[in-house]
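Shown next as structure tokens: one chain only, the form predicted on its own.
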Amino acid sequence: MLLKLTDVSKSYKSRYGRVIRDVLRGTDLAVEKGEKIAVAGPSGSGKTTLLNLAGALDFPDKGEVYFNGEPLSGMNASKLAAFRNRKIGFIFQFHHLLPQLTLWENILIPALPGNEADAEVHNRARELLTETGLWDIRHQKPGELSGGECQRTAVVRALINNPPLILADEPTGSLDSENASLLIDLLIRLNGKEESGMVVVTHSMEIASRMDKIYKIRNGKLEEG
């Protein structure tokens, strides 16, 4: 099992420790290698919270998150940082590219902490940029690119370290319908080619229907279908 959340609960509290809202309650989720999963639900239902727990950007009040059978709660700070950088590819609604850097420089940023921006990484970057149709504009900066091109760049950046798990939080939310469809086509194609697991948080049932499984969050719990 690539990713497993077991009996996970998460609430938001006031600064005095009083529970303001229970977001997730005894939630379970399992993701296999190569599997595409959609998590749908209305705004505020806990979709992003679930993704943050899966990617160790936040931690549950109760329950455990496992990656390849190892509990994330057992990792120290440096191991967690390496886990996020090497094992997870994050894609957000907005691309968060650094405006002063070129497309090429932006996608190599995740490879820098491990000092692996070498020929092998450059070859992978070249392959991904060619696959996504971005190779010819690799020296342009984000301000010179369209929204769709910026979001495709964010996808390449997420994949540069060949992570086994992709976590995408409303990845098409800032795009028009045509570019949204193209981006999902790209994610599905790369998911199949890379054989990575993928969890996509979306409010769009059209996008969700293209995944292998659909979960909806209701009253803090995941329900399939």
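Keep in mind it's a predicted model, so treat the numbers as computed, not measured. Quick note: we count residues from 1 along the sequence shown, nothing fancier.
One more form of this protein, predicted in complex with a small molecule, exists but is not displayed; see below.
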{"query": "Heavy atom distance at most 4.5 Å to the small molecule in the model of the complex, all of Gly46, Thr49 and His203", "finding": "yes"}
{"query": "Heavy atom contact within 4.5 Å of the small molecule in the model of the complex, the stretch among 188-196, 157-165, 171-179, 36-44", "finding": "36-44"}
{"query": "The small molecule contact at Ala208 in the model of the complex, heavy atom, 4.5 Å", "finding": "no"}
{"query": "Interface membership of Val23, the small molecule in the model of the complex, 4.5 Å heavy atom rule", "finding": "yes"}
